[in-house]
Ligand code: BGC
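As a starting point, one isolated chain is supplied in structure tokens, in the form predicted alone.
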């Protein structure tokens, strides 16, 4: 009995020691998140998820750069002056990331980039600069491979029987690595799958649903039923294309158009269930957010990032989260 009381007394003294009390009272790391544009469906959902994940781990400050790099530069400058512990930044312009990296270096503040990948030579300037995202090459390949499968296996996919896919491709923001690489690798995958493609239009719709609808309506006026497939760099543009296709009596009766998106947003998953969107690549926002937040917390505490405390594979301080593709058939199971 005396030994038990002694052990409990020692434990109580340990718990109440100044060091233990200091640890218990240690404030959460202050992490600032700068989003390029909260009007973007994916990035808005990403930031909301990040705020939920941060509860109990960090205190977050979220800022909207409103698609203006000068605004974002000023925001980062202000946050660094306030002594923020770490930054998570979705850059407006990936080539401008070098300026943000140099600003963070001056304060030795860790900076984790998301969604828009800085140039590797810029990332290497600062040993506390990281990138977390999805590999756009893999995303493009998944879209192209699935589109090739559809064209080669679904009766009537080659409407005119010429053995050539008449394709419309919707691109996001010019210069964005996701735009260029999703496009390039979708077309490369079609070629590798032995699908000959006639690219009727490579249309820039800036990630926007309204522009996707307007441009698809114009393309239908120009090409009509010649179009056999639509591949889009993101879901919003794909859903806009579907809006225009529905207005032209597609998805009713036997008139169908395979439309491929990217991101697997909530609205896109609904369209999959309804059968209007054929497939979308899952842009795993939750995993990206968890990895970015984990990195920011570790770095803010001055801890080394190791295999033991960081469970994501990484090369050159770049973390890629694997992608998968969902089809309408997947939603039936």
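Remember, it's a predicted structure, so these values are computed and weren't measured experimentally. Positions refer to the first chain, counted from 1.
One more form of this protein, predicted in complex with beta-D-glucopyranose (BGC), exists but is not displayed; see below.
Undergrad: Could you confirm whether residue 267 comes within 4.5 Å of beta-D-glucopyranose (BGC) in the model of the complex, counting heavy atoms only?
TA: Judged by the heavy-atom cut-off of 4.5 Å, residue 267 is well away from beta-D-glucopyranose (BGC) in the model of the complex.
Undergrad: Considering only heavy atoms, tell me if residue 116 and beta-D-glucopyranose (BGC) come within 4.5 Å of each other in the model of the complex.
TA: The answer is yes: residue 116 has a heavy atom within 4.5 Å of beta-D-glucopyranose (BGC).
Undergrad: So, in the model of the complex, is residue 176 in contact with beta-D-glucopyranose (BGC) at a 4.5 angstroms heavy atom limit?
TA: Yes - in the model of the complex, heavy atoms of residue 176 and beta-D-glucopyranose (BGC) come within 4.5 Å of each other.
Undergrad: Residue 233: heavy atom within 4.5 Å of beta-D-glucopyranose (BGC) in the model of the complex?
TA: Judged by the heavy-atom cut-off of 4.5 Å, residue 233 is in contact with beta-D-glucopyranose (BGC) in the model of the complex.
Undergrad: Non-hydrogen atoms within 4.5 angstroms of beta-D-glucopyranose (BGC) in the model of the complex: do 40, 182 and 207 all have one?
TA: Yes, each of 40, 182 and 207 comes within 4.5 Å of beta-D-glucopyranose (BGC) in the model of the complex.
Undergrad: Identify, from the list 283, 47, 276, 65, the residue with a heavy atom within 4.5 Å of beta-D-glucopyranose (BGC) in the model of the complex.
TA: If I apply the 4.5 Å criterion carefully, the residue I get is 283.
Undergrad: Would you mind picking out the stretch of 238 to 246, 190 to 198, 76 to 84, 108 to 116 that comes within 4.5 angstroms of beta-D-glucopyranose (BGC) in the model of the complex, counting non-hydrogen atoms?
TA: So the stretch in question is 108 to 116.
Undergrad: For a quick check, can you give me the residues of 251 to 288 that have a heavy atom within 4.5 Å of beta-D-glucopyranose (BGC) in the model of the complex?
TA: Counting only heavy atoms within 4.5 Å of beta-D-glucopyranose (BGC) in the model of the complex, the contacting residues of 251 to 288 are 262, 263, 283.
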